[in-house]
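Only one chain is given next, in structure tokens, and it is the form predicted on its own.
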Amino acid sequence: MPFELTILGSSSATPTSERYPTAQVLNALGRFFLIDCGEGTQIQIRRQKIGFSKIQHIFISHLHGDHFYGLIGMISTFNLLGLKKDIHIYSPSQLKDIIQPQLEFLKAGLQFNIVFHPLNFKKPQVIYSDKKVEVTSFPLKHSINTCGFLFKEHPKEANIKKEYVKKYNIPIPEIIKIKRGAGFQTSEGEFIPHEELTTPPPRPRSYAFCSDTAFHPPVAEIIKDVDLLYHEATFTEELKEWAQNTYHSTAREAAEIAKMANARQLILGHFSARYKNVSPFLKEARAVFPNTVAAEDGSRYEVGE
């Protein structure tokens, strides 16, 4: 099953001719999660051929305009397309008040409910979970209340070795127990441990989104061993003081978080429009964390590869 991230926007406060403001879509085992919704998100979703009807869960990290100004347009498009399933929005509680007047204007023809889920800015909290995926929000360090998001695949059950099923004629109820961690006792009284009967399942995949934030080491423990990390890198080290004053990170600081978290791969993004190319970001980050790439609008990344 796919676990794939699509970058829709990778610029910071203002868009450029090549980069839209922050927005991403994560396809986690067939669940399509929209992460932030800057201006132009609809256009990028069209370009990437992502079906609007697949998106029911929207995560808004904070209430700076470059992270949510595309939201009311998205909601309007959902309505014009005749979508009827509820839309769930995980965001700061104030977002409901901000867009309520616009929603009231659409209300006469709105064909679905919008369910708001307020974020917790004091500690990590599971905000979504189903049989296959869990999403945890966690506080970041920014000029206003901001959350990051950790998307994790639930652990799969172990795979039972077919030769043992045949050899010991293991019944289906016992197979289910074995997959969940039990051993098996044969009709002759011999006990076969779980580890011998099975092969380990694939390691659960995970993706973490960290934008916007100043350098904040506590995040590293929350996202420990994450497969793919997107971390804002608005500036390079030459503007570190400016990054600190605006509660943003440099490319080097993003790489340090990735290293502390033992991430497998780092994606840099949220680049300031003052930079004409991202080579300095990559050079700076790779000196600390070699497996680093720079986000490009429209690029896709397999989580866990």
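Since the structure is predicted, the reported quantities are computational estimates derived from the model, not experimental observations. The first residue of the sequence shown is number 1, and the count goes up from there.
Another form exists, predicted in complex with another copy of the chain; not displayed. Remarks below refer to it.
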One stretch from 253 to 261, 28 to 36, 41 to 49, 235 to 243 that, in the model of the complex, holds residues within 4.5 Å of another copy of the chain by heavy atom: 41 to 49
One residue of Ile176, Val115, Leu80, Val126 in contact with another copy of the chain, assessed in the model of the complex (non-hydrogen atom, 4.5 angstroms): Leu80
Heavy atom within 4.5 Å of another copy of the chain in the model of the complex - the one residue of Asp130, Asp97, Glu157, Glu163 that qualifies: Asp97
Heavy atom distance at most 4.5 Å to another copy of the chain in the model of the complex, all of Tyr90, Thr136 and Pro139: no
Partner contact for Phe289 in the model of the complex: another copy of the chain, 4.5 angstroms, heavy atom: no
Heavy atom of Ala13 within 4.5 Å of another copy of the chain in the model of the complex: yes
Contact flag, Pro101 vs another copy of the chain in the model of the complex, heavy atom cut 4.5 Å: yes
Contact label in the model of the complex: Ser76 to another copy of the chain, heavy atom within 4.5 Å: yes
Contacts with another copy of the chain in the model of the complex - residues in 53 to 75 whose heavy atoms fall within 4.5 Å: Leu63, His64, Phe68, Tyr69, Gly70, Ile72, Gly73
